[in-house]
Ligand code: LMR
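One chain follows as C-alpha cells, the form predicted alone.
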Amino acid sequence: MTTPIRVSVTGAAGAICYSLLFRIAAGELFGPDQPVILQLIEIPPAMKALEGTVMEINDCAFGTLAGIEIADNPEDGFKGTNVAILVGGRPRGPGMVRADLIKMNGPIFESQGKALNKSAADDVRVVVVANPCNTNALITRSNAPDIPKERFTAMTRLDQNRTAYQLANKAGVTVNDVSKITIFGNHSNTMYPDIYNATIHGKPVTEVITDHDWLKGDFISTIQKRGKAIIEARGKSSAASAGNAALEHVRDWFSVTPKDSWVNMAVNSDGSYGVQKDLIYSFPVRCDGKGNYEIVQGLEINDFAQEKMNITQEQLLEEKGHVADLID
C-alpha cells in the first residue's frame, strides 16, 4: 500500500477549510491512488466545531482518506507532516489597517514556524493562505531555520484564477484559452497582474484585447481589489474560491508544469527581476512534480510593468519592517 501523505491544515473549522478539506480527502490533491492523512489544527474554542466537520468528512467515506487527527496546537498538528496549509489567522476587524493585521498575525506565524521546525517531516512543503500571506510566510520561514527557504510559499493562485476569468470574459473566450498569466509581488492591492506576457489563443493579450486603457486601468484594479469587492457583495471574505486556489497551488507544486506554460506562487526571491533577495514575492514558476520549482526567467519587463513591480516590492519591504522583531 502507498504510504499516506500527511497534510496539516490550520484554521480547519473555518469557511475556507470547509471548501478545501473534503476535496483533499476525496483525492483531488494527490490523485485517486494516493492516500492522505488529514492533521487538522484549530484554536481551543473552535475544537467542537472542528469535531463536527470531522464527522461530516468521515460520513463521506472517502476511499483515499487514511485517517484524521485533530490538535489544538501547531506542535502536535504538524508532527510528521509532509504538507502544511496555513489557513488560520486573525481577520481584519473594523477600523483596522493592514499594519494592524500584520502585527496581530505575526506572533501566530512565529509560533507556527517554530512548531514546523520542531515537528514536521524532513520533506515538508508549506503554503500560507492567511493574509497578509506573503509576510506571514516570511515570518513562518524565518522561525524555521532548519527547513530550506524554498519550501515556504504564499498563495497567489487565487489572483491567477481571477485574472484568467477577467481576461477571458473581456475577450469573449473561455479561461482555457488564456495562458501564461503572471502575478508579480504581494497578494494585496498592489499586486501586478502582468498584461504583456499573457496570451489568448497563443496571441499576446494586448493584441487580442485592444482596449489598452482597460488593461492598464480597470483590469488591474479589479484584480487588486477583488477580495474587497467580494466582501462588500456577500458580507464575508472569499472562501470557496480561496479553498479551490489553495488546492490548486499544492497540486501544481507536486505536478510537472508544461514547458510552454507556468503557474504563480509567492516564493523566496533569489534576486530574479531585480526583486530583493529573500522577500516572499510572487513570480511565475515551473514545477518538476517532486515538490520543487524554478522561477521562469527572461520575461519582458517594460517600464510600465517595472513601475508596478517596484510598488508592490516597496509594500512588502514596509510590511517586513512592521515585523522586524519576528524575523531577525
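Small disclaimer: the values here were computed from a predicted structure and weren't measured. We number the residues from 1 along the sequence you see.
Keep in mind the form predicted in complex with ligand LMR is missing from the figure; the text below concerns it.
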query = Which of these stretches, 178-186, 117-125, 193-201, 234-242, has heavy atoms within 4.5 Å of ligand LMR in the predicted complex?
reply = 234-242
query = Here the chain is shown alone; which of Lys149, Lys79, Lys170, Arg98 has a heavy atom within 4.5 Å of ligand LMR in the predicted complex?
reply = Arg98
task = Go through Ile102, Leu158, Val205, Val83 and name the one with a heavy atom inside 4.5 Å of ligand LMR in the predicted complex.
result = Leu158
ask   = Looking at the partner-bound form in the predicted complex, is Asn131 within 4.5 Å of ligand LMR by any heavy atom?
value = yes
inquiry  = Given that ligand LMR is not shown alongside this chain, does Lys228 nevertheless sit within 4.5 Å of it in the predicted complex, heavy atom to heavy atom?
reply    = yes
query = Given that the partner is absent here, does Arg162 sit within 4.5 Å of ligand LMR in the predicted complex, heavy atoms only?
reply = yes
